[in-house]
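Single chain ahead, written as C-alpha cells, the form predicted alone.
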C-alpha cells in the first residue's frame, strides 16, 4: 500500500488538475455558481422545518439550522459516493491508453465534493449568525467549532473508503450504483438529519436493556454519529419536545464518536486495498 501511496503522491498535480476540472464543469455558465449547490439543502431544510415544526410539533428553536447542520455533510457523503461510482466507467478510454494511478479518478470527485462541503459550512456559519442577529439569544456557534476539522477528516475518510470500493465494483457490476442509490435513500431515514439523537435515546429507553443495545447499534452507522456530532459541534444544545415531553439535550458521546472514527479510517484502509487489488483489471472491462 505504501508503494501505491508514493505513486499517488507523484501524480498529485494530476489529481489537483482533475479536481479543479470537476469544480469548473460543475459551475460553468452559471451566474450564481457555487450558490446554486446550496439551493437543494436549503430548500430541503425549509420543507422539513415546515413539516416537522408546524405539522408534527417538533419543538426546537431554529430547527432549520439543526437540519442544515446535518444535511450538508450527509449531502456530501451521498454525492461523493454517487459521483465516484461512475468515475472509472466514464474515463475507460483514457484508462486504456494512459498510465496513471487509477484512484485519482474517484478521488477527484470526492475532493471536489469535499471542497463544496467546506464552502457550504462556511455559508452555514454566516446564516447562523444572521439568524442570531434577527432573534438575539444564546450565540448559536459553539466554541467546540474548533474541533470541526477533526469531524471533517473523519467524514472524508468514510466517504473516500466507501467511494473507492463502490467505484471499483461498479466498473464491473453496474448494478452496484442502483443498489447504492437504494441504500442511501434508506440510510437517510436511519440518520438523525431531520430528527435528533435525543429522539432516538428517548424511544429506545422505553425498551429496557434491549433498547440500550438498539441505541448502540443505531450509532454503529458512522454517518448517524457524524450527523449528531456536526449538530453538537456547530450549534448550541437545545431541548427537544417530543409527544408533549421536553427532552433535555445530551452531551456528545466521545466514545461513540471514537468508534465511528475508527470505523471510518478502517473503511478507508479497506477501500484503498480493495481498489488497488482491482484497478489493473479495469482495462479488461468489455
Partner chain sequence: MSDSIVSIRDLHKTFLLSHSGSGSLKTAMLWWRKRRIERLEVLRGIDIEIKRGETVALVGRNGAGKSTLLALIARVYKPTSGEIRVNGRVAPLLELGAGFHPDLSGRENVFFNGVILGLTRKQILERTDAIIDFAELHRHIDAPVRSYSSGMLARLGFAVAVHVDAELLIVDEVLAVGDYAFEAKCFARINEFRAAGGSILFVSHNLDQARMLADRCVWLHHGVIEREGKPDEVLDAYMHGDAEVL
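Keep in mind that this is a model prediction, so the values were computed, not measured. Positions refer to the first chain, counted from 1.
Beyond the structure shown, there is the form predicted together with its partner chain, which is absent from this document and is the topic of what follows.
Novice: Please determine, with the chain shown alone, which of 191 to 199, 113 to 121, 167 to 175, 145 to 153 has non-hydrogen atoms within 4.5 Å of its partner chain in the predicted complex.
Specialist: Selected range: 167 to 175.
Novice: Only one of 98, 126, 183, 216 has a non-hydrogen atom within 4.5 angstroms of its partner chain in the predicted complex; which is it?
Specialist: None of the others qualify; the residue that does is 98.
Novice: Which one, 179, 203, 82, 131, lies within 4.5 Å of its partner chain in the predicted complex by heavy atoms?
Specialist: For this set of options, the contacting one is 179.
Novice: Quick one: is residue 274 in contact with its partner chain in the predicted complex, heavy atoms, 4.5 Å cut-off?
Specialist: Residue-level check for residue 274: no, no contact with its partner chain.
Novice: Would you please decide whether residue 267 lies within 4.5 angstroms of its partner chain in the predicted complex, comparing each non-hydrogen atom pair?
Specialist: Flag for residue 267 set to no.
Novice: Is there a heavy atom of residue 283 lying 4.5 Å or less from a heavy atom of its partner chain in the predicted complex?
Specialist: Yes, residue 283 is a contact residue.
Novice: Would you check, heavy atoms only and a 4.5 Å threshold, whether residue 93 touches its partner chain in the predicted complex?
Specialist: Yes, residue 93 is a contact residue.
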